[in-house]
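Single chain ahead, by itself, as structure tokens, in the form predicted alone.
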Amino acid sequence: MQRINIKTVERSELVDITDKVQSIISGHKIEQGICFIFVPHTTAGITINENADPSVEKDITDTLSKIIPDNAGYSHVEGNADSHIKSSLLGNCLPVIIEGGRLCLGRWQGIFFAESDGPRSREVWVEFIKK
């Protein structure tokens, strides 16, 4: 298993980790298989979305904050219940196919670490099944 270290700077933000994941694949010379990307945190998640226009990242974080506000009378006493909910909605694991040594993503797609309770130091775990 490989680990990607991420240092977030905002309470809510998306961090494009596509190149870091691809670098791990290239370093292991994996030609075909599946890459599993896992976030071991309860207030962060992982998603695939457009990485060509940075305004999409802002739209996603802004909309999540609107539909899941941070101070909505939650029972959780730590003050980050909204972050736990966002993490559950986004999910904590993604499988991505590898073909020809490259991640199989659509033309405009990228892999994003989704911070919901930052700023923090985080990890993303990456593992493979080779074909």
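Note that residue numbering follows the sequence shown and begins at 1. Since we're looking at a predicted model, the values are computed, not measured.
Not pictured, yet referred to below: the form predicted together with a further copy of the same chain.
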Given that a further copy of the same chain is not shown alongside this chain, does Glu50 nevertheless sit within 4.5 Å of it in the predicted bound form, heavy atom to heavy atom? yes
Flag Pro40 as yes or no: does it have a non-hydrogen atom within 4.5 angstroms of any non-hydrogen atom of a further copy of the same chain in the predicted bound form? yes
Evaluate Ser65 for contact with a further copy of the same chain in the predicted bound form, applying a 4.5 angstroms cut-off between non-hydrogen atoms, and reply yes or no. no
Heavy atom to heavy atom, is Thr18 within 4.5 Å of a further copy of the same chain in the predicted bound form? no
Quick one: which residues from 56-86 get a non-hydrogen atom within 4.5 Å of a further copy of the same chain in the predicted bound form? Val56, Lys58, Asp59, Ile60, Thr63, Leu64, Lys66, Ile67, Ile68, Ala72, Tyr74, Ser75, His76, Ala81, His84, Ile85
